[in-house]
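Presented below, as structure tokens, is a lone chain in the form predicted alone.
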Amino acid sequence: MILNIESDLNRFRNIVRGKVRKDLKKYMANGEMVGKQGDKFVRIPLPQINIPRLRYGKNEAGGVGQGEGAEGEKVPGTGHEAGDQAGEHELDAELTIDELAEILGEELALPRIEPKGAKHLSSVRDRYTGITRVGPRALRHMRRTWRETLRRQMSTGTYDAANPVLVPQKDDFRFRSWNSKTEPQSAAAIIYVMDVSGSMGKEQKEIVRLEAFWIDTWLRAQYKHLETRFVIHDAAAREVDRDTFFRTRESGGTLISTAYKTVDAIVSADYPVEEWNLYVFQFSDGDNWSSSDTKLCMEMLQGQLLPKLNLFCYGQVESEYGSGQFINDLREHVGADERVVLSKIAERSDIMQSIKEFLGKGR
């Protein structure tokens, strides 16, 4: 019975994975999955239609299209009225973050990332390697305990094959033993940067929120330890928490260099470049206050930020109020650097392609 349940469960999980893989672009553009994420699982809404049941009764109303009524007259029961029949429902199925990342990597052909700095960080992993006579109750090895009990009773002649009752004594108990092994561990930090001036509206921020979810999903599958930081800016920049990052709406001018200064301060204070894999994902509608500030941005990228980063990704979210010039400036000055990836995101349907552009280098 248990084997049949496991088989059915595995078959169902394969169906879920196939559904997500088939409609991945739709899921990436839909915020429903993002709102149902936990620390290790994501709930996937799958459409489900119940099988209709036939109800037999007297055929007193005539055939189809027969009966009283004029052409164009509303037929009773065809509107959005209350009823007692089943309709279309949705089933929430769970996938682990790792499973979702695997689907994402397969569909977008994302290369595995080769982390740097792994030898500088380590984690302790316990592995059960043997059996001992002493240990905590929770680690009792019952199979070995029964074996020792049987061996003792047979050797002392107290075992009765007609009444095979085993009674363990203190010396019969066996426990699992373990060794602690120190293993290299790779660590990464993501710094998200977003323009929150008045030209970045609700839809633009929703696109950023969805893209950030899928970026996190992939990078968490690549690194055992991942930290996420958030920087917002208009004419000034500051670090905020995740909720503030996606909900803040401000107005005023835009000075992108203030964000770069904040990012550089975070990296310098908390993330030694020889130990951490560092990623910056910047989102903006392409406006900057002046050409002089844009020049300062390019100087900071080339001289301070890029040498410290695995990857610098700039996503330009289209807005009717933004000029869209900044991506052109980046392309001209730092576009040839292999650590720089530029992407245009006109609408939600572009998120999938943008993710592929950002993560396709495997850095």
Partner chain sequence: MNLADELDQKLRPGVIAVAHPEGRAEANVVDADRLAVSVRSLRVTVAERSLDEAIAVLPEAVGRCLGLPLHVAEHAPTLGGAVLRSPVDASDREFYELRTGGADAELKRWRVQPAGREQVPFTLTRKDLGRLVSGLKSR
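Since the structure is predicted, the reported quantities are computational estimates derived from the model, not experimental observations. Numbering follows the first chain given and starts at 1. Think of the rigid core as the biggest set of C-alphas that the two forms share within 1.5 Å after superposition.
Beyond what is shown, the protein has a form predicted in complex with the partner chain; the following relates to that form.
Checking 264-272, 168-176, 197-205, 153-161 against the partner chain in the predicted bound form, the stretch whose residues place heavy atoms within 4.5 Å of it is 197-205. Within 4.5 Å of any heavy atom of the partner chain in the predicted bound form lies no heavy atom of Trp146. Looking at Ile131, you'd find every heavy atom of it more than 4.5 angstroms from the partner chain in the predicted bound form.
With a 4.5 Å cutoff on heavy atoms, Gly135 does not count as touching the partner chain in the predicted bound form; it lies far away.
At least one heavy atom of Leu255 is located within 4.5 Å of the partner chain in the predicted bound form. If you take 202-239 and check each residue for a heavy atom within 4.5 Å of the partner chain in the predicted bound form, you get just Ala235. A displacement of 2 angstroms or greater separates the C-alpha positions of Ser323 between this form and the one not shown, with the rigid core held in common. In the predicted bound form, the Cα positions of Gly322 and Asp195 lie at least 3 Å farther from each other than in the form displayed. Cα-Cα spacing of Val263 to Gly322 is enlarged in the predicted bound form versus the present form (difference of at least 3 Å).
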